[in-house]
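Only one chain is given next, in structure tokens, and it is the form predicted alone.
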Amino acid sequence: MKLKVTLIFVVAFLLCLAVSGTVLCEPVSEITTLTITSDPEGADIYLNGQKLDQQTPLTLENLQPGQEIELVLRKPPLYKKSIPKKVTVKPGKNNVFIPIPETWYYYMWLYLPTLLKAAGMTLFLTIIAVFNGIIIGTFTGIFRVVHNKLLNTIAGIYVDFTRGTPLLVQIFMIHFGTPPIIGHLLGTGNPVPINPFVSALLALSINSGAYVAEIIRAGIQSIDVGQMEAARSLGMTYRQAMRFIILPQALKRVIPPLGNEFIAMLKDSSLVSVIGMEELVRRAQVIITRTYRPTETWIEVGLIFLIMTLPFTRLVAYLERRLKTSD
């Protein structure tokens, strides 16, 4: 009898241990949470169309797994409403990140300093290129009218080739075409790379020089031939007559066209972006690849070009009026 009682107690004890072990081994259910973050932070949260009284970052707790939630974030007045994002809650911890796009005017304001810095490079490049072009063009224009067949031929070939080929092709020829030639001349057998700034400056200067040459030639030929004859009758040489009589009068007439050449070169300088030159257009392209907002970026670039060219346009018009009055 005692043995039976003892066996009953042992079996009951083992059953209790088994039951208690099963309960203790059961995994504790993990709390389901959803953490909402945004860029920028501090945005209002709309959960299934209802606005919460809290802002990002925010962690929602005690959610039901499998629950579908639609999130919309807003941060007025500088940011637009985010694109609605649907989230299916999974057991455990859930994280969702939602970027908020800027409004168009705030976006343009944010990238204005970067674009203005690049515009400074564009303006600097144009000034140096036109300055070099005036020097090249002045000598070339004189060579086009002097009584020297060799100089006439060389100047004519340079002007015709430069004006007859696109500026983009000239940029490619200098930046990609000359490195192998330089390497061959140096005997290295390998192309010698050229800095994009140097290539851009050479291409723009050479191109500007050809157009300035035609402006100078037209200005010289616009002076009455009697001026030269009168200077020669006074005992001046051809060089003296050209230097003291013809050129001063011609320069007065070519100042407005030179201003127009500067404006045209300022706009054409955007082509150097194809060789990686960090000017205004190239900087805009980099910004677009990061933000995927081409409309606002190109509008801003166009406005910056307009702001840069308008003062020179007004200056050229003023010079034309003054010079016309003084004739």
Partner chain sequence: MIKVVNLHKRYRHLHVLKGISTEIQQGEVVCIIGPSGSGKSTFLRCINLLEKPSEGHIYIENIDVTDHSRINVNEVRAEVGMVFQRFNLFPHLTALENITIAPVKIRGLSTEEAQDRAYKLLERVGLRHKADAYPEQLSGGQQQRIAIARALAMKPKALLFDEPTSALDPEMIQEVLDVMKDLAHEGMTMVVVTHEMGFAREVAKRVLFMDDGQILEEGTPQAIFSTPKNERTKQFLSKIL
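Please read all numbers here as calculations on a predicted model, not as lab measurements. Residue numbers count along the first chain shown, from 1.
The form predicted together with its partner chain is left out here; the points below concern that form.
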Checked 90, 184, 232, 81 for heavy atoms within 4.5 Å of its partner chain in the predicted complex; positive is 232
Just to confirm, with a 4.5 Å cut-off on non-hydrogen atoms, which of 227, 95, 165, 114 contacts its partner chain in the predicted complex? 227
Looking in the predicted complex, is its partner chain within 4.5 Å of a heavy atom from each of 177, 188 and 190? no
With the partner left out of view, is residue 249 within 4.5 angstroms of its partner chain in the predicted complex by any non-hydrogen atom? yes
Closest heavy atom of residue 236 to its partner chain in the predicted complex, within 4.5 Å or not? yes
Its partner chain contact in the predicted complex: residue 151, any heavy atom under 4.5 Å: no
Would you classify residue 139 as touching its partner chain in the predicted complex, given a 4.5 Å non-hydrogen atom cut-off? no
Please name which of the stretches 68-76, 212-220, 238-246, 139-147 has residues with heavy atoms lying within 4.5 Å of its partner chain in the predicted complex. 238-246
